[in-house]
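Quick setup: one chain, the form predicted on its own, written in structure tokens, and binding and motion questions come after.
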């Protein structure tokens, strides 16, 4: 069943086929409903948007930019992290720059090389670690630190329903309920001035929906996946989830919706954990020394041994 006489571009879970205008209206309505439902954005904000140049981050920046155009009290600025992944991040950052230039959006780029002295590629040549583990630690560290320095009230990320579903299952498999407590449309456990609140406007949008929206609205014309992704646990979970979704449509929605029912209890259970200041860098940490400083020390020691 088609929505109207125009050419359909997206088939819904129900079987209804939507044209470009109706799908765009549906998708954007879903994002704005998510923002209202979970109270993600206030009437006055200085929002940072974590921008990689991929489909998810471009989509959330595009929609929030439109929101800021309607409400001048909501300011938008993009922040990008250049990990130093050859022949990948350099390309996506060019897309990010073009988009921001076209839409007159301020873009701040911070790199591992400038902040830590090494690119991710160089780090992986020194340490025998999983790429996504060390990359995630440094990326989160820089995003929070630089967002605080830029005085962002919140930082929006492009995490979608598929991402959340994967994270929930990964934490279950690792027996890490504490990590799941930090998930949700509003990430984190406690209010702390050292943490910039992270929000996920695409929380209830599937990856398929985000991809369709990005392509049919001309936000990008190709899809690039990080070359390190094939080594990650997440990709294996993602592929298995996709298989389940194909066999049992609605599986991902069910997992995330049931998780949202228990999330308040998880946050209540784990909210008592204290946040310390890292003894080395002063950034917030669950331990005396943060994971970023631990890995920087390992890198330093490995380089000394080689020399």
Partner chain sequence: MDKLKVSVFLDRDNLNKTLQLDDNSIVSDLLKELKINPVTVIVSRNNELILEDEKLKNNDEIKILSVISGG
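Numbering follows the first chain given and starts at 1. Here the structure is a predicted model, which means the values were calculated and not measured.
The form predicted together with its partner chain exists for this protein as well; it is not shown, and the discussion that follows is about that form.
- The candidate spot formed by 8, 212 and 220 is fully in contact with its partner chain in the predicted complex: every one of the three has a heavy atom within 4.5 Å.
- Listed residues 254, 261, 272, 246 were compared with its partner chain in the predicted complex; 246 is the one with a heavy atom within 4.5 Å.
- Shown without its partner, this chain lists 242, 46, 68, 34 as candidates; in the predicted complex, only 242 has a non-hydrogen atom within 4.5 angstroms of its partner chain.
- Contact between residue 267 and its partner chain in the predicted complex is not found at the 4.5 Å heavy atom cutoff.
- Heavy atoms of residue 280 never reach within 4.5 Å of its partner chain in the predicted complex, leaving it off the interface.
- At the 4.5 Å threshold, heavy atoms of residue 146 stay clear of its partner chain in the predicted complex, well away from it.
- Of the heavy atoms in residue 93, none are within 4.5 Å of its partner chain in the predicted complex.
- This chain is displayed without its partner chain, yet in the predicted complex the stretch 212-220 from 112-120, 189-197, 167-175, 212-220 comes within 4.5 Å of it by heavy atoms.
- Contacts to its partner chain in the predicted complex (heavy atom within 4.5 Å) from stretch 42-71: 55, 56.
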